[in-house]
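So here's one chain in two forms, each on its own in structure tokens, numbered structure 1 and structure 2.
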Structure 1
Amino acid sequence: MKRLLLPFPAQAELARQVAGPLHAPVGELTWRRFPDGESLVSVDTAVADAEVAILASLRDPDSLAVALRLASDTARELGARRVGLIAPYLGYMRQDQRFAPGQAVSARSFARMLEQGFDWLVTADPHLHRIGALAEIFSIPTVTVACAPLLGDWIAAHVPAPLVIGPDAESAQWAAAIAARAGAPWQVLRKVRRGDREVEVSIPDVAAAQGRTAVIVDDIISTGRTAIAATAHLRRLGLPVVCVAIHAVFAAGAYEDLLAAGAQRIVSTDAIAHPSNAIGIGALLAQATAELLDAGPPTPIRTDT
């Protein structure tokens, strides 16, 4: 079955990296806003009988959600056999439980919403903490790509005498894998979050850090408060600091604040397009998508249009 990759505008560059190894041409999908804020989505390449992969990184998912649904519905109406989503960054995964009475469990609701529009999902390192695997919240086939080896390789190639630092307990899974790949020691900071934007940390073994470059690794930098607190703490101990993240979410001002806190360099994968991108994951996404598509449709191909 012929394949077609339909990137949302922000993923035009990443689409070029995915298209080749996926053996899928890049089609045209346009998205613009009417003056009142409503979305107009247009699928401008023929999709009849194609296996369509929509490529959209879900940073700012509220603004994307409706456009995504319009895109998948339109591709189906125009004859696509299946429509899947390559979401290098999958938003909303951190709110995976009701932290206070009455709160939405966004990860589960968002998953339900996405699977109404898509037949399958490929993503990179979703933030899974209390939810063990995407299969717990999605009933469509999902494949996740692990970026830790690429981060480890980047650190080994660019940072002399690195000490990999996980800024909190949740980052231990990434820190351990990245450090192993980089052949570096690692530690996890003790973290106390005092509010949306207030975080305190401390390194458990100061002596072992001496003479090394601290490489803070995390799956997501969002407000930057976690990385900023870690950077400030490590700078106070006199260590040079490099920050390496998988998902460069960077809420307004976070990138500049992290540089101002003393990070010598900030590096991210291109899962979310950002000036800090230095590690390409297009080939990994393509490989995972190809494997999923080659495995054939685990659910009946939809013929309803």
Structure 2
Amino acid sequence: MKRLLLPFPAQAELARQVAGPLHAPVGELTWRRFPDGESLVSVDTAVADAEVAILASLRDPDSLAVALRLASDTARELGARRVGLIAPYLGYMRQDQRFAPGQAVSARSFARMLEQGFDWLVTADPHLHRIGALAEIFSIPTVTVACAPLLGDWIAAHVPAPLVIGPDAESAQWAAAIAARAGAPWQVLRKVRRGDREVEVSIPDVAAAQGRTAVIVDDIISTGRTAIAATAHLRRLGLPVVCVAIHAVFAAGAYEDLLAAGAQRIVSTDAIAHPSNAIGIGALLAQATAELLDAGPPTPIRTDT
């Protein structure tokens, strides 16, 4: 079956990593905006009779949502057999319940919107809270790839005498798994959040940290408040600090603030294109996508019996 990978412009480099192991050529998808803000999307006409995978990291989902739908609809109109979405970063997973009267449950609404345009979804480490798995909110097939082993491998190869630091108690199991992969000890910070942009942290065992490089690991750095507070605290203890994350959101100057706090190096996967990218996840995304394509469309559920 013919395959075709269509990356949005920001994912051009990642597409080269995905295309090889997926055995899919990279087609052309262009996206530009008119002066009034409307999108003009064009897709490669080679989509005809192909299994099409659109690659788009949803770092800014509001600006991408319409363009995504235009791309998927156009691929179908031009004869694509199926159209799937590879979204290394999947936005809108935070708001998974109504925290105040009248609020939108955006995780579920966004899932419904995506499944109207796509037949399947591949993503990396979605930032889920009370949702246990994507299958709870998506009716289309979904596959999630886990990047933690790649973080552990990078730490083992690049950081001398690492001490893996989890940002909070909820990260304990995740930090422990990364530390085991890196062959390193680990600790979890004690954290008190004073507001959206104010966090106090402390390391529980200062003596055990001496002589080591503190490696703060997180699935996502958004505002960076916890990582910034942790970096400043660890630097005051005299420890060199490296920050390693899966999703480099870095909103509102967080990357620069983290460097200013004393981070020796900031490293991320290429799930979101950013200058900190140093860990490639293309092979993982390609493998997950191939498994979905090889499985074929799901068997329809009969309702006439």
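All values derive from a computational prediction rather than experimental measurement. Please note that residue numbering is based on structure 1, beginning with 1 at the start of its sequence. Each form is matched to the other, and the largest set of C-alpha atoms that superpose within 1.5 Å is called the rigid core.
Peer 1: Since only one of the two is the form predicted alone, can you say which one?
Peer 2: Structure 2, which is the form predicted alone, differs in this respect from structure 1.
Peer 1: Let me know the CA shift of residue 102 between structures 1 and 2 in Å, rounded to one decimal, core fitted.
Peer 2: Rounded to one decimal, the shift is 2.9 Å.
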